[in-house]
Structures are given as C-alpha cells and as structure tokens.
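What follows is a single chain, given as structure tokens, in the form predicted alone.
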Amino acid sequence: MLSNIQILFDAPLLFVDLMVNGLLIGAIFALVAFGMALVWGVMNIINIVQGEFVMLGGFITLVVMNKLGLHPLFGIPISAVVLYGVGWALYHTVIFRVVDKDMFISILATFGLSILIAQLSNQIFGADVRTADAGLPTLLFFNGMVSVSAIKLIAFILALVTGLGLWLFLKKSRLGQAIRATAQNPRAARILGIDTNRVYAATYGINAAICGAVGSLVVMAWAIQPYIGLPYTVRSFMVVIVAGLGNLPGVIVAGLGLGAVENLAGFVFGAEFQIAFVFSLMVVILVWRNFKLKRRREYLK
C-alpha cells in the first residue's frame, strides 16, 4: 500500500489519470442513484432491486448485439424502454402492495425481488461474465499518461443530459409536477385529483428505465454477470444518503466523488479490496449520519 502511495507522489499524472477516470465512473453511480433518489423521495421505498435493473439492461444490450446484430449503443434506448415496462409491471404486481407501508417491509419485498431476478437471469443467461465490445477508441493525453475510454466519456455526458432532462421533466411536464406534488403530500395530491397510483407506477418505471440505460453502458465499459447487482445498489444507497433526499444536483456531485474516491482506493489498496472499501465507507457514513442525528435530537431536548 505504501509503495502505491509513493508511486502517486513520483508520478503526478497517474494521480490525474485515476481522478479523471474515477469521475467518469462516478457518472454511472450518479445515474443509478438518480433513480433510487426518485423512488425513495416519491414512494418512500428503498429499492434494493436497483442493481438488478442495471444487470438486466446489460443483458438486453447483449441480446440486441448478438441476436439482432445491432451496435451495442442501440441497446441504450432499447434497454430503457424494456426496463420501463419491467418496472411498470413490477409495480402493478408487487410494489403497489408495499407503498405507504413500513419502510422495512418495502426493503424485504425489494430484496426478495432482487434475489428472484438474479436467479432467473442466471438460469436464462448463464453465470458467465459477459462484455460487449463497442469498438470505441481510447483517447490518450500527456504522451499516454492519461487515458480516457470513449464509452466512459459517453456515460459521463449521458449522466449530465439525463440529470438535466429529469430536472426539466419534473419542473415542466404535467406528470413531473404530479410526481413532485405526490412526493410532498400524497393525501393532498389525491384530494386535488391526482391519480397517485399512476404517478407511482410511472416513477418506478422511470427509475427502471434509467437503470436499464446504465446497464447498457456498464456492459460496454466493463462486464456483467447475474450477481453484480448488490454493489450498484449499495453505491446508489450511499450516494443518496450523502446527497440527501430531493437533492438531485447533490446526487451528481456525490456520485462523481464516490467514483473518484473508489478508483483511487482501488489503486492504493488493490482491486480485490475495492468493493470492501465501498462497503466500509457506507458503514462509516451511516455511523456519522446517525451521530449527527443523535446530536440534533439532544439539541431539541
């Protein structure tokens, strides 16, 4: 570990490379966290299925490439549309039963769904690790000391465009305004004539669609297998906790920061400890937030 830190001091451009690529990776985390923040804020549900939606988006992109013969980039809109339908169907079969219930019940329900989806994916697609070669170049800077994959750059731009599009959708469209009204006070929204059941179904579908698009990027930039869901769920959970509910710009900043820190930790501690670092960081953040809440409660007394 100390030798890796020494390398960073000896080669500052390597540090720049880790930071730049970490920020680009963080865009992926921010996109997934976007959907979780939306569902949590509107429906009061911590959606553990988040990572499995990402995984399904990746497998749909593989089907688009291998079975339909299309470029994997076409998998982004196709995965988004298919996952919107999956999210809509899951809401009307399972999720609507846990809305307005205790949050612990919704966690158990979505955790069960995540296991079911992972096992079904294992049966259908197999347990092999898969990737989709998009044939996109890697951009080199500073005599090759800093390298940026084009697909990661596309993911970064897509994250910014999606964030801006979602913000405009919530501000300007009638459905977006209905979602905001339902998030603030569901009972008052129902009295004003808003079909909250339709709003919840659309919100869950939008979340699944975002994750599906992310899955397409993940399979092109890295690889997928049926059990990759949990790390993405934990990361998005951590980003939402740090940013705070309803703070969509904060989600982007927290997601980018997590990507940079995780990439740097992967180099310093080794790739085998990268996920362990993420879980440890989440525990630290939860303890810290609990400590802050405890101090605030004492102050109120």
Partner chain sequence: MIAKRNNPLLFAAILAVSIAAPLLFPDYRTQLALLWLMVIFAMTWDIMGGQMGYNSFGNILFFGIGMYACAVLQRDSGLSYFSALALGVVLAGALGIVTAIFFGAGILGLRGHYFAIGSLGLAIAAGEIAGGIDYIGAGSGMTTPLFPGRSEAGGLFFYFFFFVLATITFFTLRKLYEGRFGLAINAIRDDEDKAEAMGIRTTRFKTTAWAVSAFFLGMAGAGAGNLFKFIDPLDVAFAGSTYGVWMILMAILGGKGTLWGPVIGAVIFHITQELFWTYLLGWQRVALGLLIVIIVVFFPQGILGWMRERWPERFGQKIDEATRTSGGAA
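If you're wondering where the values come from, they're calculated on a predicted model, not measured in any experiment. Residue numbers count along the first chain shown, from 1.
Not on display, but discussed next: the form predicted in complex with the partner chain.
Contact annotation for the candidate site: Met43, Tyr204 and Ala208 all lie away from the partner chain in the predicted complex (no heavy atom within 4.5 Å). Listed stretches are 95-103, 178-186, 154-162, 69-77; the contact stretch with the partner chain in the predicted complex is 95-103, by a heavy atom cutoff of 4.5 Å. The contact with the partner chain in the predicted complex, taken as any heavy atom within 4.5 Å, belongs to Ile115 out of Leu139, Leu168, Val129, Ile115. Only one of Ala150, Leu192, Leu120, Ala223 comes within 4.5 Å of the partner chain in the predicted complex through a heavy atom, and that residue is Leu120. Contact annotation: Ile48 falls within 4.5 Å of the partner chain in the predicted complex, judged by heavy atom distances. Interface membership of Trp88, defined by any non-hydrogen atom within 4.5 Å of the partner chain in the predicted complex, is ruled out. At the 4.5 Å threshold, heavy atoms of Ala109 reach the partner chain in the predicted complex. The shortest heavy atom separation between Met282 and the partner chain in the predicted complex is within 4.5 Å. Residues of 258-290 placing a heavy atom within 4.5 Å of the partner chain in the predicted complex, in sequence order: Glu272, Phe273, Ile275, Ala276, Phe279, Ser280, Met282, Val283, Leu286, Val287, Arg289, Asn290.
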